[in-house]
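Below sits a lone chain in structure tokens, taken as the form predicted on its own.
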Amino acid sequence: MSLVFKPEETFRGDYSYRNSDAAILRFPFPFPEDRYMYSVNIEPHVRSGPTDAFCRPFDIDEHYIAECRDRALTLELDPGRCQVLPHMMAAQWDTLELLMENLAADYPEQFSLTKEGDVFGSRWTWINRPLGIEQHFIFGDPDTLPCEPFEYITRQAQGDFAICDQREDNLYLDAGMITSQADWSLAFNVGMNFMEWHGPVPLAHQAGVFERALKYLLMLRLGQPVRRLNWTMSINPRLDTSPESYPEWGPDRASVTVENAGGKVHLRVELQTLWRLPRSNAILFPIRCFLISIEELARVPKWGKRLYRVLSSLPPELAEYKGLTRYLPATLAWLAPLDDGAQLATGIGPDITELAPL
């Protein structure tokens, strides 16, 4: 896979982030039908899918360098965005191994991993060409890395990462690198169990969604990862929409008008995968965030029409929970002219190979 990075783009300040045509076509659009309601919607994480974003275990794209730089900025301002409880060291090494092996296998032009063995005490060499990193270390010895292994490798990956420890027939959020979350706080949630972590979500609890999801995940097998999509919306292409930084991004919700909604309102999609880890038996939960303005999204006619229909029929409780209420009318007014009422094919793929003009 050939990648052309955009290292100077920004996710704050002047918000220079934009998607190329190829990035738009590979976007993981989350709505297979014209209406939306919470569901478990878990499927095997295999090397195929409706767009290219699904086709590798850990996706990187043209925004890789810029996203890693934005993560470093967030961590410099708030080091607490990475937290790992003391008993999670084995899971840290599991995560480092999983990411290094898959990134090196899928993106050999960008990454390489040389190992003298697979057991603790082996000498490894990791090369990350886009970020200019070459690291010799001993697998299992955190003193041979610049920081602990979980922080080290997740600073070099797109998306957020959580690790859930499995005990007492539950999952506990006991580690996280969280710098691009959709308005939730790692500092508040760390140590919570699965049901506590998802407590604020409306309607889904009544439908038994999280009880079914927990039962399923407790039986997750090694080597059989699964995936699902989640979504919300953001004003401007900002990765860090945490409660801690709310004063920096919250007021932007009041800035949306019908005239500027196309460029300011962004669909924010999380490709969430779940992996059983081999030594620790914990579950790694990568949360890969994709951003697209509705102006860019509208270049795929099926997606523009479907987004209008989904948002028009969204239950008020979900609109409130996702923080859409204030700017939803302007967003719908911008999207409305796109919908001619034509029947749309089921599924989330773009169903085109070339984009409509701007």
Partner chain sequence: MIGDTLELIVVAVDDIASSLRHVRLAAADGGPLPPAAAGANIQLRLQGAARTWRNAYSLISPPGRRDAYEIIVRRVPESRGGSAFVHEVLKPGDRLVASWPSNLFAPQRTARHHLMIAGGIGITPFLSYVADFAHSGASHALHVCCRESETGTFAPWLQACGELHHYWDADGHRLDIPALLARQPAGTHLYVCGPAALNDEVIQAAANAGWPASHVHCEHFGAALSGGTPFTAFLSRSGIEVEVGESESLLEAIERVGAAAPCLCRGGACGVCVTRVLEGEPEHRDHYLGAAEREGGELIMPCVSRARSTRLVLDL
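Numbering follows the first chain given and starts at 1. None of these values were measured; they are calculated from a predicted model.
Unshown form predicted together with the partner chain; subsequent notes refer to it.
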{"query": "Candidate site 97, 119 and 275: all three near the partner chain in the predicted bound form by heavy atom within 4.5 Å", "finding": "yes"}
{"query": "Contact stretch among 218-226, 232-240, 156-164, 126-134 - heavy atom within 4.5 Å of the partner chain in the predicted bound form", "finding": "218-226"}
{"query": "Non-hydrogen atom contact residue 42 with the partner chain in the predicted bound form at 4.5 angstroms", "finding": "yes"}
{"query": "Interface membership of residue 101, the partner chain in the predicted bound form, 4.5 Å heavy atom rule", "finding": "yes"}
{"query": "Partner contact for residue 281 in the predicted bound form: the partner chain, 4.5 angstroms, heavy atom", "finding": "yes"}
{"query": "Residue 304, heavy atom within 4.5 angstroms of the partner chain in the predicted bound form", "finding": "no"}
{"query": "Residues within stretch 57-75 having a non-hydrogen atom within 4.5 Å of the partner chain in the predicted bound form", "finding": "57"}
